[in-house]
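Heads up, the chain below is alone and in the form predicted alone; it's given as structure tokens.
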């Protein structure tokens, strides 16, 4: 599973401050959300597609695999609006299905927005390390440490929970435990899996709390960081490239 999310090479986007990258991409997502210009939406889609397929550092095979859910969302959202939207110029009608020029254009607009959301999210997830993101949010944007370290602990413990789930499944198979079909089997699986995992999670949370207390962790105290993050020259390059690309997409949509 980890190999799937390992890039073939680290591009310049990996060196951008993750907190700055998060703010810029979040602003672009808001623009995508409120935009109603068809040509501007198409230009934005091309821009974010270039970011994903040219600067994410992953192979085309992995990128196509990651793009499958995004394409499915595009088809479902666009088709729904095309088939059941309202419009004056009717192209084809059959029962509840009514395709008009207006619904078709708005369906494509909605689909482009869906693809843009997916590409922005994908390029951010593939080129950002979650741990560094929360360290950067604490250092550059003064995110309270009690929230940041809570997310960091959750991310760190997720592989452990997955491993325990697999261990529990193997143990039940070795003991010859079989679950009946239907709702009874579902409830038995929930009882056999959730109770031990929940108990282990409580013990693990207690050990983490004791360890943080032993290291004299205080919420409001000024502290040093294991991963120091700062603004560098590549961050300025990133902002300039994104602003120029966005302005070009806007200008081309007006013409």
Partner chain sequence: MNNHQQNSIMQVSNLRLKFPGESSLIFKDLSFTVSQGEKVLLLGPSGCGKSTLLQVLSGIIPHSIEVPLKCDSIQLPESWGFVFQDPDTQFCMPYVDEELAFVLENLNVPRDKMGPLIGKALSSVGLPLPEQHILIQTLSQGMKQRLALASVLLLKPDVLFLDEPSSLLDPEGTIQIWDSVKEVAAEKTVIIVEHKIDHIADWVNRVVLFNDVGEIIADGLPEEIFDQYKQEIAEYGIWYPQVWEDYLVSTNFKEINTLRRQENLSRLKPQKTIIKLQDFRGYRGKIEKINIPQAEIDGGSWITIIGDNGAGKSTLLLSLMHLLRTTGQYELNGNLINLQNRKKSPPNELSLVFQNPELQFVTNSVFDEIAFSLRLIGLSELEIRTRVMSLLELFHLNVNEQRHPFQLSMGQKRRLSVATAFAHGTTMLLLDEPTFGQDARNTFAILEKLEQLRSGGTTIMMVTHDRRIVENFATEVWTIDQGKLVKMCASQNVSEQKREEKHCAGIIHTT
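Rigid core here is just the name for the largest C-alpha set that superposes within 1.5 Å across the two forms. Residue numbers count along the first chain shown, from 1. What you are looking at is a predicted structure, and each value in this text was computed from that prediction instead of being measured.
A second form of this protein, the form predicted together with the partner chain, is not displayed here; the remarks below concern that form.
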Does residue 207 reach the partner chain in the predicted bound form if we count a contact as any heavy atom within 4.5 Å? yes
Give a yes/no on whether residue 200 approaches the partner chain to within 4.5 Å in the predicted bound form, heavy atoms considered. yes
Interface membership of residue 142, the partner chain in the predicted bound form, 4.5 Å heavy atom rule: no
Residue 93 within 4.5 Å of the partner chain in the predicted bound form, heavy atoms: no
Even though the partner chain is not shown here, does it sit in the predicted bound form so that 12, 15 and 51 each have a heavy atom within 4.5 Å? no
Using a 4.5 Å cut-off on heavy atoms, which residues of 162 to 184 contact the partner chain in the predicted bound form? 164, 167, 168, 170, 171, 172, 173, 174, 175, 176, 177
Superposing on the rigid core, does the Cα of residue 59 end up 2 Å or more away between the shown form and the other one? no
For residue 204, decide whether the Cα shift between the shown form and the other one is 2 Å or greater, given a superposition on the rigid core. yes
Residue 194 C-alpha moves between the shown form and the other one by 2 Å or more, core aligned: yes
